[in-house]
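Okay, so here's just one chain, in structure tokens, the form predicted alone.
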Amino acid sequence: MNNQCKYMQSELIPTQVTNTIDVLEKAGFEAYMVGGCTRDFFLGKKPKDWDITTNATPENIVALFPKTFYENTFGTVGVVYGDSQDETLKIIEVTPYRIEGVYSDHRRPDSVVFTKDISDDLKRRDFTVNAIAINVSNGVIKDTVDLFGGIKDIKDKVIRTVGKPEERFEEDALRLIRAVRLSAELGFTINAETRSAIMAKSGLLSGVSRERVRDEFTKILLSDKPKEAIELLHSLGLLQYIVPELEKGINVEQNQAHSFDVWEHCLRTMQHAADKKWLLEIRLAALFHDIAKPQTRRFSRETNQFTFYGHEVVGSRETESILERLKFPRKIIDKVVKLVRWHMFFSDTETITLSAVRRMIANVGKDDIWDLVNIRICDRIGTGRPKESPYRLRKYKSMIEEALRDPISVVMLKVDGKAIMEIGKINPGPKIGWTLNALLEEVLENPTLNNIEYLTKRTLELLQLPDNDLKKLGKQGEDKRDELENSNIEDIKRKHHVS
């Protein structure tokens, strides 16, 4: 690394990190940044988390810093800077160099021994790109330890294990899926030897807790290229231990509206959600929206093509089972299941009614209706069609917006019919409607008049008018309301370019 790069990239390192290293070094210890933060550092990306490794013991570390916590058996000490109350909290994890024993459960080492040699610590790490150590002093990179060619692998965009891949995967089986996740996040390829080992050891993933698998799978879905990653999970034999239901869609032919089989369609639908940077729930729903098509597929002699009646109902139940198995939070499960259940909402815009749209909004909820529309957009792109918003979809958006808006009505007034009767000491009759419509016209012209004081005063004045005059004012108010209502609806239609 040249000197210019040393200074430029060091600006990515927070002062808390350099301070932690400086404190350890002034006390006579070694200290290096290590792990994912160094990988991101060499990629020119700002790391989310910062890890430091040192030849100091946990007790040494705790004694050197005013605020720390140490609640694990692996030697990691959290050095605390700032305060959560003023949102300046930052935690730097500091771990002693260590040698790990046998991983009998393919998850955690049975024993950990602290060591004084950083090479011992780097040998135990998963991938070469995560096994680079950097020492920073006064904001300048002073030393880099790269024993396994991690910097070259970053340059070549390669994921490769430290040492023998079979041993690394035997130690922690989650590394099998983590290799794919890193490949998806970084846009790197997995080298041949590591790929072969993943395929040979894929069965180990069945013994990993569903929570840990879920977390890695979630990161894959939130990456820029989840389609490629899931295809890689399948080709490496890993997907069968995560979501085997997806693989049932491979080679399942669809009808003439689709260019792809169910598998390819689901992946393309999800990828479009990723391309749009949409939330995890939308990506999950896009991936699973047609999960039940394989078991609901029937051939119709009448139409000479396949049908998938009820796949959205069956699919919502299957989606719920998958997400519960992967231990997703209930809030996420409920939303994704709802989106899958109602993703077939799209109907012929010539026959769909506003009341039907309102029923759909009631089924999905106002907060999620636009996410359902986004699923439909993804679904369309997933069929191989080039446009996001054909006329039918724009028409539906217009109808949703119309159904969601509060129509112009006398209910907008701060007084109602009962109040009119009390103010004027009158019995029920047409004068109440005339008065309300007359008041509405004035409020539409000047919304500041919509207050109890003015409306009470004006009501008394209106009720003194002859019936014909009051009726005329009421009709004017009704016409004004209809004019504005129609104008607002036309504005919505123009916005979505529909008639």
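The shown structure was predicted, so the numbers you read here are calculated from the model rather than taken from an experiment. The numbering used is simple: start at 1 and walk along the sequence shown.
A second form of this protein, the form predicted together with adenosine-5'-triphosphate, is not displayed here; the remarks below concern that form.
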Original post:
Should G35 be classed as touching adenosine-5'-triphosphate in the predicted complex when contacts are defined as heavy atoms within 4.5 Å?
Top reply: yes
Original post:
D172: heavy atom within 4.5 Å of adenosine-5'-triphosphate in the predicted complex?
Top reply: yes
Original post:
Does E441 reach adenosine-5'-triphosphate in the predicted complex if we count a contact as any heavy atom within 4.5 Å?
Top reply: no
Original post:
Taking the shortest heavy atom distance, is D467 within 4.5 Å of adenosine-5'-triphosphate in the predicted complex?
Top reply: no
Subject >> Segment assignment from 117 to 125, 229 to 237, 424 to 432, 146 to 154: heavy atom within 4.5 Å of adenosine-5'-triphosphate in the predicted complex >> reply: 117 to 125
Subject >> Selected contact from K219, K225, R297, R394, since only one has a non-hydrogen atom within 4.5 angstroms of adenosine-5'-triphosphate in the predicted complex >> reply: K219
Original post:
With adenosine-5'-triphosphate left out of view, which of E402, E185, D334, E318 would have a heavy atom within 4.5 Å of it in the predicted complex?
Top reply: E185
Original post:
Which of the residues spanning 24 to 49 lie within 4.5 Å of adenosine-5'-triphosphate in the predicted complex, based on heavy atoms?
Top reply: G35, G36, R39, D40, K48, D49
